[in-house]
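Next up: just one chain, as structure tokens, the form predicted alone.
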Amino acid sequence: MRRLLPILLLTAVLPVSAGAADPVAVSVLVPITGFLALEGTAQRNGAVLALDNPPAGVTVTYQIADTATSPEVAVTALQRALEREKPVAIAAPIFGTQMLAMAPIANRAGVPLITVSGTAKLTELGHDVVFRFFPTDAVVKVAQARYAVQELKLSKPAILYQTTSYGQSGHEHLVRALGELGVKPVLEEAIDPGIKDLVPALERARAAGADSLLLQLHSGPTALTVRQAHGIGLGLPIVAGSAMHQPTTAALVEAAQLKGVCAETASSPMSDPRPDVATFADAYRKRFNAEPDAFALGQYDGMRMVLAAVADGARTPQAVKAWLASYRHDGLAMSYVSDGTGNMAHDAVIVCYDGSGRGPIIMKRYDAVDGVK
């Protein structure tokens, strides 16, 4: 384990004060390097923007550690944070594989994990410390399937999904959602994150008679798939997973190659005209010189809910956990409330690109998909 420690990148403790109360600590443990660097950086930025602007009467310190994409590194970062920082809550990785390794440890310590991971299994294992501020695959995959079948009238999709827990979870829920709509995929193919040539898989989709591609891939592989599908003239509409909505993903693809590409997500801050969201987006751009995405906004909302709990007097991990499980919080992306297992987000949106630029358009909203309002 000791040889993994140098991978961790810890910042100095950053105190932020809005009053005279004793400070509470929060840890930010997210993947900033590796194949989830784009998603993890958005997570970190959202958390930092929230923690740097606490409500009146709240003083918070935080440290950041890079969990890369290794469960062992994530576990080491968690153990160090629990021992040294004594956090009341942890901004935890988007990577489901890391979350599955961290959850039992956090559960024993009683420290809430605030995440935007979509891996459905996280809240099915009985760990009452996991709080998910991004809609689970049981929500976003329903939106993805419904949009493809009911709005685009597609009936012969090919599914390409990652071999990671994220990919497997999304694949399972997507196939189930399609089945409930009477649609069976003509191809289901698992893709390792390290594969750079997607053309063979795309050609298999063509040979299977697919009328569309449904993707459950991480950011880099999503962009690669879109580029290579365009390069071979596949000509099929693509309805992708949430990685596609990220401005950093779209930046890896030429605008013209994005025509006909849609994606499910929790929100699209750069496309949302609501004043509060626009204010957040402006602040994010000024601070990080980048466009915000749903992962950044979800993590921001999650940390703002933690800070609301602290402002209401919850100053221990157990008190914060109880507060998160009991209260509703009106965030920027949506209203958050636990379904009893830590799923806080219950709405989804579909965004699409028209080929004229890299900014998506919000095409359809799906509210309370899982019945929780």
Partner chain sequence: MIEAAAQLAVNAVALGAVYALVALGFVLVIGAVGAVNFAHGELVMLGGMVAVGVASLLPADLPVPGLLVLPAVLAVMAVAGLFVAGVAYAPLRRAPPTSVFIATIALGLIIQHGVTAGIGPEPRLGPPMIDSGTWHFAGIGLARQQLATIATAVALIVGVHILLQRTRFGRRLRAAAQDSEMARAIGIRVNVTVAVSFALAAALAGAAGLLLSNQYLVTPTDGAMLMLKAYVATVIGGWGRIWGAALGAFAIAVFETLVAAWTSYLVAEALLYVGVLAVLAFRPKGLFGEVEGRRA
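Values in this document were obtained by computation on a predicted structure and should not be read as measured data. Positions refer to the first chain, counted from 1.
Absent from the display: the form predicted in complex with its partner chain. The rest refers to it.
Legend entry - Exercise: residue 219 in contact with its partner chain in the predicted complex, heavy atom 4.5 Å: The answer is yes: residue 219 has a heavy atom within 4.5 Å of its partner chain.
Inset, instruction - May I ask you to state whether residue 281 is within 4.5 Å of its partner chain in the predicted complex, using heavy atom distances? - result: It does not: once its partner chain is placed as it appears in the predicted complex, residue 281 has no heavy atom within 4.5 Å of it.
Legend entry - Contact of residue 41 with its partner chain in the predicted complex (heavy atom, 4.5 Å): Yes, residue 41 lies within 4.5 Å of its partner chain in the predicted complex.
Legend entry - Distance check, residue 212 to its partner chain in the predicted complex, heavy atom within 4.5 Å: Residue 212: no contact with its partner chain in the predicted complex.
Inset, instruction - Could you tell me which stretch in 335-343, 32-40, 52-60, 314-322 has residues with non-hydrogen atoms within 4.5 Å of its partner chain in the predicted complex? - result: Single hit among the candidates: 32-40.
Legend entry - Within 4.5 Å of its partner chain in the predicted complex, all of 155, 173 and 236 (non-hydrogen atom): Contact check failed for every one of 155, 173 and 236.
Legend entry - The single option of 88, 143, 270, 201 touching its partner chain in the predicted complex, heavy atom within 4.5 Å: Looking at 88, 143, 270, 201 one by one, just 201 meets the 4.5 Å heavy-atom criterion.
Inset, instruction - Name the residue from 126, 275, 194, 182 that puts a heavy atom within 4.5 Å of its partner chain in the predicted complex. - result: In short, 194.
Inset, instruction - Determine the residues of 145-172 with a heavy atom within 4.5 Å of its partner chain in the predicted complex and present them in sequence order; the list may be empty. - result: Contacting residue: only 163.
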